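Just one chain is shown here, as structure tokens, and it is the form predicted on its own.
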Amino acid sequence: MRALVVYESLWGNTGQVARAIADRLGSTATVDVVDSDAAPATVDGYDLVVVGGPTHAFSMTRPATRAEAVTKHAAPHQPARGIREWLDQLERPSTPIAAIAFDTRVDSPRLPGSAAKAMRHELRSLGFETMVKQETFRVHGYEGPLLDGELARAAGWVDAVVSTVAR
């Protein structure tokens, strides 16, 4: 199996989850891990695409929410292109490819909305197979860190995904 993990991360938490997922996938697949700025325009040739990003303003980030994260909350990284823009530019796969989505969100207060749910919807509209429900991984405050156990939970989640996709 060949997998692609694409993530967007401003404070590094989503990147940590993406790498934990990629590490676990690496035991059964060849894995490419890239941030949203370096993500390819086509995903043909992959068997699984994993997409992750932070939830901002109840959904995927936008240029304005990324800029605000840097100016108001001192995020150390501002991607030029987020997951939203990458999905807008992504070529429709020539054959159905399995895809899963995850996001990171503040643990408290628990706010509505989900970047992962929006990602899953966009992936489905592009023709990806999105049979596995999206997943959320929690962080303390805007900047994190991740809650204890979230990286292990990410690895367990991807194990369940691989067993579902392999059927």
Ligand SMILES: Cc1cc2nc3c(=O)[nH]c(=O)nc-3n(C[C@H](O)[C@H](O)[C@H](O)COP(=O)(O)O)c2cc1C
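The first residue of the sequence shown is number 1, and the count goes up from there. Take the two forms, superpose them, and find the largest set of C-alpha atoms that agree within 1.5 Å; that set is the rigid core. All figures in this text were calculated on a predicted structure; none of them were measured in a lab.
There is also a form predicted in complex with this ligand; it is not shown, and the following applies to it.
Contact label in the predicted bound form: W11 to this ligand, heavy atom within 4.5 Å = Answer yes; at least one heavy atom of W11 falls within 4.5 Å of this ligand in the predicted bound form.
In the predicted bound form, does R120 have a heavy atom within 4.5 Å of this ligand?
-> Outside the cut-off, so no.
With the partner left out of view, is M131 within 4.5 angstroms of this ligand in the predicted bound form by any non-hydrogen atom?
-> Taking the distances in the predicted bound form, the answer for M131 is no, it never comes within 4.5 Å of this ligand.
Hey, in the predicted bound form, does D32 get a heavy atom within 4.5 angstroms of this ligand?
-> Residue-level check for D32: no, no contact with this ligand.
Looking in the predicted bound form, is this ligand within 4.5 angstroms of a heavy atom from every one of T55, E68 and H73?
-> The answer is yes: all three residues contact the partner (heavy atom, 4.5 Å cut-off).
Heavy atoms within 4.5 Å of this ligand in the predicted bound form: which of the stretches 137 to 145, 121 to 129, 43 to 51, 24 to 32 has them?
-> Contact criterion met by 137 to 145 only.
Quick one: name the residues from 82 to 109 with any non-hydrogen atom within 4.5 angstroms of this ligand in the predicted bound form.
-> Heavy-atom contacts within 4.5 Å come from T104, R105, V106.
Compare the position of the CA of P112 between this form and the one not shown after a rigid core fit and state whether the shift reaches 2 Å.
-> No; P112 is a residue whose C-alpha shifts by less than 2 Å between this form and the one not shown when the cores are overlaid.
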